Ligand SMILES: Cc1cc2nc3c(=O)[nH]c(=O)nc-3n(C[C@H](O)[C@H](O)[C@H](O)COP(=O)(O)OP(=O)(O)OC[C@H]3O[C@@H](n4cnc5c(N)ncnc54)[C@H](O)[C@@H]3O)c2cc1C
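Next up: just one chain, as structure tokens, the form predicted on its own.
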């Protein structure tokens, strides 16, 4: 890893903060004035313009496949970071199993290979009436707007004051939003001298359900390998491990006994960062270092655009028709990926496969073709439980819709939670093949 690469990634994170500096509320967003109009030239006024906000797994998929399915469209992807940093398998990078080059990729390359336009800018608001996206580089008129803005963190459930929230974000980041947070957490792991390393697992449908448990396993494995006298204190808001519970439970008990202390039903009620003390309803815990993962909510742009709604567990997710992905009242605006309100896994493979279906819906509209039937996204998730040697567990599932409950659930899940023996070793190696194939599809050879 070079200083230039590290510097570029950290600088790209600064743009994210610009969004939170915007003082406008949802009702005012339509009056936003940008420095100049239409920063991206349109080759023909007759070409429909599709603007995709967000360059994560969902946005990359939608931009690529919308252009593939509707070649006549001008597709523009707007992303505030200038380098793609992959959250999936980043846990392996934190413990030095893969290098930085494996999980960072070139947005311009993706745009060239996908024949769409990449705009490195921050989206700051939406004029829904006049169909204009406001960005830090100017305004973009759209015929169809897709918001794949991912998640933000919701610290409000911990009832912390603003100063504590700022400290949690900067000193003890969750590292589930790429990419500066990941550098901070990796440095914490590598510089840890011993004691208690506290991690939290939020309730609700947080980003990548198995990732906190995988991360606990890999950090514990790293401590063992390097003879660090440290213990992972995993405070889990849920009453059981949320997914692949058999695989993780057996790994905790057999591989990391004495290294991982998993505590379920741990809803945090108070945090004292000066004393390094956390209080739950039943217990008080001390820690030497930490990574706090709060509840999640939809990306801030949804709120600024006035198209967010509260849900039971995750606040301010998109107010959309769950079958068409269209915003209620604004059928030319779609929301996909981790900002959607459906109970799909907030994970890379899920978002990418979903993006192909959303692209097909948009293309059918542009091509004046029949609307494709609803198609389930695919959750394919391989979790590492150790790196010395490499062992893993996985799950593969699609989803079905329950009309009575008006909710989605796993349909015909297939899992392999046996990390011991040949199966576990094969699972551990398969994560690299999966990642390479996904990066190849997103960015091209």
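Numbering follows the first chain given and starts at 1. No experiment lies behind these values; they were computed from the predicted model shown.
The same protein also exists as the form predicted in complex with the ligand; that form is not shown, yet it is the one meant from here on.
Contact with the ligand in the model of the complex, judged by any heavy atom within 4.5 Å, is made by just one of 325, 93, 107, 222: 107.
Of the listed positions (205, 266, 242, 347), a single one reaches within 4.5 angstroms of the ligand by any non-hydrogen atom in the model of the complex, namely 347.
Among heavy atoms of residue 66, none comes within 4.5 Å of the ligand in the model of the complex. Although the partner is absent from this view, residue 53 contacts the ligand in the model of the complex, with a non-hydrogen atom inside 4.5 angstroms. Under a 4.5 angstroms non-hydrogen atom cutoff, the ligand in the model of the complex has residue 122 among its neighbouring residues. Under a 4.5 angstroms non-hydrogen atom cutoff, the ligand in the model of the complex lacks residue 144 among its neighbouring residues. Judged by heavy atoms within 4.5 Å of the ligand in the model of the complex, the contact stretch among the candidates 282-290, 358-366, 67-75, 122-130 is 122-130. Residue 301 is the only one in 293-308 with at least one heavy atom within 4.5 Å of the ligand in the model of the complex.
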